[in-house]
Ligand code: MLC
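In the block that follows, a single chain appears as structure tokens, in the form predicted on its own.
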């Protein structure tokens, strides 16, 4: 049985699927190339049987073809982040137990050594086109399809496992709610190791036979130029990107500002997600473009759960109501339902909810209660609409659309020879949502600076996890049990 995503693509063979740096490609091209990649992965075998295949490929056609090739061969796709340093890539490859590693030639030196160290089969993207007409296996929708790594309160990122069935449920819910059609054309500027980029944009577009225009990375002027071309119908981004687009618009000449604003009228929907959207940004974007950004709420573990309406009134500061096929409720600390107007933890149930953290049964069990996924996010429902209040854990920081573990960053910082102890917190910031800040206790005689710390940390952490501000302290604020009180740490930065 062919996956529904593949079957639907066969109905759109002649339509354009991807426009990217490599060129323009139809759904037929995508089917043909992904089948060749699947054949290469299979070799003499008939089915990868859920082998994990880690791949590091820039955003573009080859990323999509490889993802589809892995799925068509019966493997589990493990996307790697192009900006991650070697230790973070190694963690994902090691933790997922990947047996095959695929790399774009730009990342060959980085990943070939990791593959050799781990005894993995190593493939370059330009060496994967097989002429063999290998029969591809039938793929049941209940098979595992994807592992995306996300930070949690336990420090190191955990692998969120979703099946083909989970992905289909997540996609069809959004296609219904946001009325995707084959006439849509969306500009893709988000990372492709993150659910926002993989599911909400890429897979939704390909599910309906739409065009996905892919940029290798975000650049404000390039995005505005694409919008100015006037052929886009959808745009989705995180608040940080909207802040940067506003800044670029403000620097433009009056005539260009007018042209850019006018060009936005051809876009039917603009969405913001992955972090809270500041009211100031929402209002400014509406002033510039006429678009009242649609906010929604989701997580790697559940896909999207809540959304403001496509049609009808959208409320600033709210993330709307449950999406089609999704159940949402708020509960107190004892698991009891809370009345409307009272705050509680968001719990979610539905066919899009993941089934497990990869090989972490205890961590999986902790986040489920009577069949409901416990998100760890606090919210209140008012007049039927949900408003997010924040994380239950102060050790989860949401910055630039990414969910980051403060504990993971602290573990790395403590390995620096000049740092005796530290506490990492998120401090409210208009551009980033939260800015990562570190209070440091230094070794005697140290003269560590922010510049040298950031340079050191970028070799060990993804750049968005590196502290943007630091404070040197003699001691960290602690409670009677000696535990660091993170709210008081955050106050130290608000006083500077």
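Positions refer to the first chain, counted from 1. Because the structure is a prediction, the values reported are computed rather than measured.
Same protein, other form: the form predicted in complex with this ligand, not shown, and the subject of what follows.
Colleague: Of the options 72, 84, 196, 158, which one has a non-hydrogen atom that comes within 4.5 Å of this ligand in the predicted complex?
Modeller: It is 196 that has a heavy atom within 4.5 Å of the partner.
Colleague: With this ligand left out of view, which of 97, 191, 209, 344 would have a heavy atom within 4.5 Å of it in the predicted complex?
Modeller: It is 191 that has a heavy atom within 4.5 Å of the partner.
Colleague: Only one of these stretches, 114 to 122, 238 to 246, 284 to 292, 253 to 261, has heavy atoms within 4.5 Å of this ligand in the predicted complex; which one is it?
Modeller: Single hit among the candidates: 238 to 246.
Colleague: Although this ligand is absent from this view, report whether residue 456 comes within 4.5 Å of it in the predicted complex, heavy atoms only.
Modeller: Output for residue 456 is no: heavy atoms all beyond 4.5 Å of this ligand.
Colleague: Applying a 4.5 Å heavy atom distance criterion, does residue 217 contact this ligand in the predicted complex?
Modeller: It does: once this ligand is placed as it appears in the predicted complex, residue 217 has a heavy atom within 4.5 Å of it.
Colleague: Though only this chain appears here, would residue 402 touch this ligand in the predicted complex if you measure heavy atom gaps against 4.5 Å?
Modeller: Yes, residue 402 is a contact residue.
Colleague: Does residue 274 reach this ligand in the predicted complex, with heavy atoms at most 4.5 Å apart?
Modeller: Taking the distances in the predicted complex, the answer for residue 274 is yes, it comes within 4.5 Å of this ligand.
Colleague: Are there residues in 370 to 398 with a heavy atom within 4.5 Å of this ligand in the predicted complex, and which are they, in order?
Modeller: The one in contact is 398.
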